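Just the one chain here, the form predicted on its own, laid out as structure tokens.
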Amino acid sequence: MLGCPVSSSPVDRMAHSRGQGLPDILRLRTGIVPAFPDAVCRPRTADEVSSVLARCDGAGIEVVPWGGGTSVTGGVNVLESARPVIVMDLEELAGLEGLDETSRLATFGAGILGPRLEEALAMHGYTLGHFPQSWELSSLGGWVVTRSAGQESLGFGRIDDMVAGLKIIAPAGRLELSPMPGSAAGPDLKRLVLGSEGRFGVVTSVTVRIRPLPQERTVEATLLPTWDDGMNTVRALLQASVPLTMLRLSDPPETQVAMAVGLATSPAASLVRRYLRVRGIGDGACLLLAGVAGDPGTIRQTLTRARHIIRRGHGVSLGTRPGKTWLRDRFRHPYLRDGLLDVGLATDTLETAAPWSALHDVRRRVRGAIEGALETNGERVAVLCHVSHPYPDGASLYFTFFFRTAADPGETIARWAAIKRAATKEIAAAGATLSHHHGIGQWHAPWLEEEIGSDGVRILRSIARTLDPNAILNPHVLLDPMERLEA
């Protein structure tokens, strides 16, 4: 019927019903998923994508594009609908389609996952350098439509910077945007696709800018006496244009957790802590991880410059051992969520970004909103925070929070929603962005107008109507004003 392989297997439909947000995991674990797709299709070519969309448009069938399914904002969640719903899994569009080594451009099917993409490039001595937390399970197309940022975005850039060209298919048209090193031929249509979350069309192919594989990666750890010392040091490193690939500054609570599972477990822990106190490093200390990639000479020169600035901030070096541990474990952290749920603790994350001049206030306000969100329930919420993805003019704040689960999974979801609601309202009120790299999805959509204005929303709606006049493509993300935190 649809012109490509279609599955109506109950397991397939269940696996494609929700993303990877905390409520999604809770629903899948407890069997309270409210809706499933009617089928899952897997087109093998761009022409098959076009055929599926044409037939679904004519029959009034909603289509949810699916890359890796790792959305933590409700971006791929299937909702109860008066219309049939299918999920379009793009895993068959996953090959290396072209490599231009002279221009250092590589073209891939949009469904390719992070490890396969890097393996394909490594065979030719290249890397994309895009490593989001979900790297093992997320897709290139998913990165594009959510405007993803990898952990080494400081050195390699965001996905926005990496995309040179792309192809997108919508029910009412196609865009084939060829790679250009630069252009003044009107507004950049690639920017309309970046962050569109499948609402404007299905990305089938992406051309990205690649780089030679670095010979080495090194991450050095430093403790700064206070949060202010850490923030000032990170800003100084950015504004001095030190060519690091990564900077991550943990606030005191997150630093204490890191110390508890790192330095405090070593035989010399008490000696280390005594030494740090002598150097002026107490319980308010903040852990800074600074990463650099390249040849040994470049790494040595970069770290020499970085250490000079860090010493001005009264930093005390911990060497490379904590950095090696972080590199080894950086993709394992999300899997801790299931283990914590098993013992009655729920954990989730949220992130934002703001200029340096506003970051202190944003952190204070959002932390307070999270900590106090469950006070009426007599529950406490623990909050950790770090600065990452820094820029000369600002940075991202990434919050991790923990709270007790309830006996009723619906009540646990309600607790999560109360936290998310309180934090998001405070982010919007503080003038920070709703999302630095997780996207808008369904869960942030009600607040989008506060960030981009009513005219901004009207323009995006107009584009959606032009490309998808019957609103069959992921209709509840980005532009749907209804709050769906507990849907």
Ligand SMILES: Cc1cc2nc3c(=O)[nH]c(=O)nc-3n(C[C@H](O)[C@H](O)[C@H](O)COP(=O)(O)OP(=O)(O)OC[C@H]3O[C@@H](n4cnc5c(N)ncnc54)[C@H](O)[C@@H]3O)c2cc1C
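Note that the structure is predicted; figures quoted are calculated from it, not measured. Counting begins at 1, following the sequence as shown.
The protein also exists as the form predicted together with the ligand; that form is not presented, and the subsequent description refers to it.
Visitor: Name the stretch, out of 431-439, 51-59, 27-35, 455-463, where some heavy atom lies within 4.5 Å of the ligand in the model of the complex.
Guide: Selected stretch: 431-439.
Visitor: Just checking whether L117 would be counted as a contact of the ligand in the model of the complex - the rule being heavy atoms within 4.5 angstroms.
Guide: Because no heavy atom of L117 falls inside 4.5 Å of the ligand in the model of the complex, the answer is no.
Visitor: With the cut-off set at 4.5 Å between non-hydrogen atoms, does W66 touch the ligand in the model of the complex?
Guide: Yes, W66 is a contact residue.
Visitor: Would you check, heavy atoms only and a 4.5 Å threshold, whether G201 touches the ligand in the model of the complex?
Guide: Yes, G201 sits close enough to the ligand in the model of the complex that at least one of its heavy atoms falls within 4.5 Å.
Visitor: Might Q20 be said to contact the ligand in the model of the complex, defining contact as any heavy atom within 4.5 Å?
Guide: Because a heavy atom of Q20 falls inside 4.5 Å of the ligand in the model of the complex, the answer is yes.
Visitor: Within 4.5 Å, heavy atoms only, which of S250, T222, S139, S153 is in contact with the ligand in the model of the complex?
Guide: The residue from S250, T222, S139, S153 that makes the contact is S139.
Visitor: Select from the listed residues V234, A290, V145, C286 the one whose heavy atoms reach within 4.5 Å of the ligand in the model of the complex.
Guide: By the 4.5 Å criterion, the partner-contacting residue is V145.
Visitor: Could you pull out the residues of 213-227 that have any heavy atom within 4.5 Å of the ligand in the model of the complex?
Guide: Heavy-atom contacts within 4.5 Å come from no residue here.
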